[in-house]
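The chain below stands alone and is given as structure tokens, in the form predicted on its own.
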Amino acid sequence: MSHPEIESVLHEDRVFEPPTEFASKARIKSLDEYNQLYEKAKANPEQFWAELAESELHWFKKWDTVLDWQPPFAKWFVGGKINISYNCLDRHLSTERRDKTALIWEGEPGDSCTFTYAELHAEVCQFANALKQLGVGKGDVVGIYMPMIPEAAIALLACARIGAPHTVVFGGFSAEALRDRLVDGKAKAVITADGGFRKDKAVPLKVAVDKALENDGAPTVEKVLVVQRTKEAVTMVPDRDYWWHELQPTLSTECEAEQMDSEDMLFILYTSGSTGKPKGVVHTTGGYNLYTHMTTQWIFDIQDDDVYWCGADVGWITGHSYIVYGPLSNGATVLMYEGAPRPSKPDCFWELIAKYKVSIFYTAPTAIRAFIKMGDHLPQKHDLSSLRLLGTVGEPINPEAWMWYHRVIGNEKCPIVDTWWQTETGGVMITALPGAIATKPGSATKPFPGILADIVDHDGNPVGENEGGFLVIRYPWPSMMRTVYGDPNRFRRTYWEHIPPKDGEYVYFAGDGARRDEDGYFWVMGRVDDVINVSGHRLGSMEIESALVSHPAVAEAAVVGRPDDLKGEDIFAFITLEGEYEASDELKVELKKHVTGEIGAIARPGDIRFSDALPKTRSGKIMRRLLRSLAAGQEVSGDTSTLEDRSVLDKLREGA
């Protein structure tokens, strides 16, 4: 389905230059330096990536061809031999990083541990040897269904070490969702735990694996490796299920890294479709290793003394790229946390930053809005002075949430990198480089060097300055997804033919609407599915939400279109309020007036519904598709396996 341009109406003119002291020590120190890198990459992308691949990574054998591009299918560093686990671990062991802390882990109940690079290498080798002992070899797919414990990261690296592609299923998914992914990926083994801790309770996991596998539900699965975390009673099936703590003492701490072809599959990661079965996004080895390595280095400005914390779960692409592979490939010190802010410890994030002197913090706008709602007094109780860089990921950030993050968490001294990317892109595509690019609240700023981003209409023609359109990428990049697992036609159709190819040029369509301003800054306006057509005006839901959130009463807003006989669509807003405010008809009137003042009468919501919470995926994204069904009075359908809390949906229904 094609869409014409999206009107862009939110005006934001605050600009924050990189702090002089930060820029002076940064890896990329100025706008001139960024521009030179960008132009060099644009002029000869293959040479740009080849030089970085040679200087930044370890290869067992150099490639024959940098890029083989048969649109829409790409192969990078063809013929090269590499291992991402080797690049994350082994190559640091002959340097002073051998005894540097690689991983700091804290469990929700307060237990903790650390691993140096040498210790992490030993653990990964043992885990890899356990997989081999269970009959897993190169090319065998391994399902991983884990809590946020060190063994989750270790499992990824162990699979990569022996050339067994992993498919991580987030630990909050149901047994049915797990089964669907194990079946589609033809997994040979599953790595899980008895359970994990989240929000002050033990969350069982092994029981869901048992349910997924019962009655031959996933017939290709032969073995299950179980890590003991909660010590809850679980059923162990003889000759299928094995305890990690029983196997570990018998295993060698040496395991040679398999020499993988650059294009060998590294992992499958499932992303929800709005209808039908989830899509298995396939990523391969060499290009993904290079791109996550470079984006981590330049965007997060990783220095040897940093303590870096990405608050995502290993189960999402953010966890793959920016907890495990990107940071460890750079020899960084990474913090992992099992828990989440909860009534018994709402300030746990700020406590951890103070405790471990975290210098780089990367989280989602959804989390930031929740922090705002909890109150400034919580972060202000803790010493956050170690922070030097902040980042956001997952969806566009409202300018007001950006300003709070800048002021309260960053103490007005930390640059903010607002990163736009997707499971499919493998790594960050549009972002500020913090020492080089001035930031504007709500804008992802500029494309990463080597990324040729554009904004086009539905025929593929570039649109003008400050005109809304479709965000596309015009040239292949190393970490791009290679296909949809088992369904190359779906890959071609979904990502490469939505905007019709012109003169043989295929462009990657991201599914997002965006505009580019007079400074060349990109403003992502949300999923194209979230465009609302009011009397012929096409409005991005993101901008109306930003206007609503800028009112002091509003903690969070989700805006969808509702069918309307007169206007085509009317604007329907779902809103959660700040603690001291109460829902009332007077407040509805006030909020409608506020949006009119911020944007104009065309964007005034026709209806507002107050709610204690909004339906979100377990990665924190608001499920607007479900809200559209509710607003239209329709039955909610499609894939709801990623929904975190079904009761939120039921309450919204009752409030209709």
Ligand code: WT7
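Numbering starts at 1 and runs along the sequence shown. Because the structure is predicted, anything quoted here is derived from the model rather than measured. For clarity, a rigid core is taken as the largest C-alpha set superposing within 1.5 Å between two forms.
The form predicted in complex with the ligand is left out here; the points below concern that form.
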- Task: Mark residue 318 yes when one of its heavy atoms lies within 4.5 Å of a heavy atom of the ligand in the predicted complex, and no otherwise.
- Result: yes
> Wondering, does residue 80 line up within 4.5 Å of the ligand in the predicted complex on heavy atoms?
Replying inline: no
- Message: Residue-level contact is defined here as any heavy atom of the residue lying within 4.5 Å of the ligand in the predicted complex; does residue 396 satisfy this criterion?
- Response: yes
Would residue 424 count as a contact of the ligand in the predicted complex, using a 4.5 angstroms cut-off between non-hydrogen atoms?
yes
As a check of understanding, the residue in 167, 439, 419, 284 with any heavy atom within 4.5 Å of the ligand in the predicted complex should be identified as 419
In this chain shown alone, the residue from 524, 577, 251, 403 with a heavy atom within 4.5 Å of the ligand in the predicted complex is 524
Exactly one listed stretch (526-534, 375-383, 447-455, 295-303) reaches within 4.5 angstroms of the ligand in the predicted complex by non-hydrogen atoms, and it is 526-534
Would you tell me if residue 529 moves between this form and the one not shown by 2 Å or more at its C-alpha, with the rigid core held superposed?
-> yes
- Message: So, superposing on the core, is the move of residue 424 at the CA at least 2 angstroms between this form and the one not shown?
- Response: no
